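Shown next as C-alpha cells: one chain only, the form predicted on its own.
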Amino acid sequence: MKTPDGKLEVVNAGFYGTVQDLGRTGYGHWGIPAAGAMDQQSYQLANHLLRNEPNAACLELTMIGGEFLFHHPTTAVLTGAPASIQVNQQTVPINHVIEIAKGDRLKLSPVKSGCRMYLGVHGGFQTPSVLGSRSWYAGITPHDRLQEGMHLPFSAATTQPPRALAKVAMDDALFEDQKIEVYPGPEASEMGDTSFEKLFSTDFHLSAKQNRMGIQLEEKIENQLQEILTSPVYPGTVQLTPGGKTMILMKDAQVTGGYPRILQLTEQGISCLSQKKQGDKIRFILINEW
C-alpha cells in the first residue's frame, strides 16, 4: 500500500539535474521537443530494477550528482555513470536497490567516468505531468532544473516495497565505447563520396558547446551541400553547418531545422553519446548502408 505524500528534499542540486521520463511525443507539430532521459538505457534500467512502470520519472543528474534528504521511506536505485554513492555516510553500490528510511541522506560524488546518473524511487517521482510526460523543459513544465530546497513528491511506502535481490553486472561499454552507431541521413546521398567516407574515418571530439539540446563536434567536414528547406529533425539527427561543423541534436532539440541532415544516431548511439563529455573522442559507425 502506498500514499502519495513522500518527499525528497534537494539539499545540494549538483551541477545540473532534471526530472525525466520516456519523453513527450506527438506534439512536434506544435514545436514542442520530445525531451526525456538522454541515456534511455540507464534510465530504463533504474525502473526495471525498481519494478516500476517503464515511463516512471527519475532524476537525471549530470556530472555532479548532489545531496538529497528523504522525508519518507521508499526504495531507490542509482544507475548510469559510476560514482561514489553514500547513504548516511555508508557506501552503497550502483545498480543496486537501496532501502531508504525516513531521514536518510543520499550523497553522490562527481562521476568517475561517463556523464549522467539516474536516481529512481519506487513508483517514480510524482511531479506534474504536462502533455503526457513529467520530463522537465523550460516553458512547458513548472521547473526546468533542480534547485536547492526543492521538495520532489513520490509515493511513500507504508509497507515494504518489493526488493530486487539480483546483482546487475555493470556494462562499461556505454561509458567507455567510442563507437556511435548511425544510419545515413536524408541528405547523406548528396554528399560527395570523399566527404561522406571521411565521416567514418575521422576521430571527432566533443566541444564545450553542448547541452540537452545538442552537441557540437570540434572537427570540420568539407561541406558543399546547400541549406535545405526547413524540415523535421529528431533527437540523434546529425546536421552539417555551412562552416563544416557537425551538430548532433539531442533530446531537448528543436523539431525542425534547415541544415542538411547527414546522419541519424540509433537510440543506442544517443545513450552512448549522452555519457560523453567535453574532449571525449567518438567515431561514427555506419550500421546500414543504402
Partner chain sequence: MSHQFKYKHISPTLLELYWPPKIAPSTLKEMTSLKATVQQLWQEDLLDVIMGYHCLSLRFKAPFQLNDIINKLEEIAETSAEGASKHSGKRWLIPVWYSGKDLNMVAEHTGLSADQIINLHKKHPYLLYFYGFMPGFMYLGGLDERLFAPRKTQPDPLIEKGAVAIGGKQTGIYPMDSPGGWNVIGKTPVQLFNIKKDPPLQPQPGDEIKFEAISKEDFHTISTQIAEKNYQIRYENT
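Fair warning: this is a prediction, and the values are worked out from it, not measured in the lab. Residue numbers count along the first chain shown, from 1.
The following text describes the form predicted in complex with the partner chain, which does not appear among the structures shown.
Peer 1: Which is the contacting stretch out of 42-50, 61-69, 259-267, 238-246, given heavy atoms within 4.5 Å of the partner chain in the predicted complex?
Peer 2: Partner-contacting stretch among the options: 259-267.
Peer 1: Looking at the partner-bound form in the predicted complex, is residue 250 within 4.5 Å of the partner chain by any heavy atom?
Peer 2: Close contact is absent here: in the predicted complex, residue 250 is far from the partner chain, nothing within 4.5 Å, heavy atoms only.
Peer 1: Considering only heavy atoms, tell me if residue 56 and the partner chain come within 4.5 Å of each other in the predicted complex.
Peer 2: No, residue 56 is distant from the partner.
Peer 1: Does the partner chain get within 4.5 angstroms of any non-hydrogen atom of residue 173 in the predicted complex?
Peer 2: Taking the distances in the predicted complex, the answer for residue 173 is no, it never comes within 4.5 Å of the partner chain.
Peer 1: Is it the case that residue 225, even though its partner is missing from this view, gets within 4.5 Å of the partner chain in the predicted complex, heavy atoms only?
Peer 2: It does not: once the partner chain is placed as it appears in the predicted complex, residue 225 has no heavy atom within 4.5 Å of it.
Peer 1: Does any residue in 10-30 get within 4.5 Å of the partner chain in the predicted complex, counting heavy atoms only, and if so which ones?
Peer 2: Heavy-atom contacts within 4.5 Å come from 25, 26, 27, 28, 29, 30.
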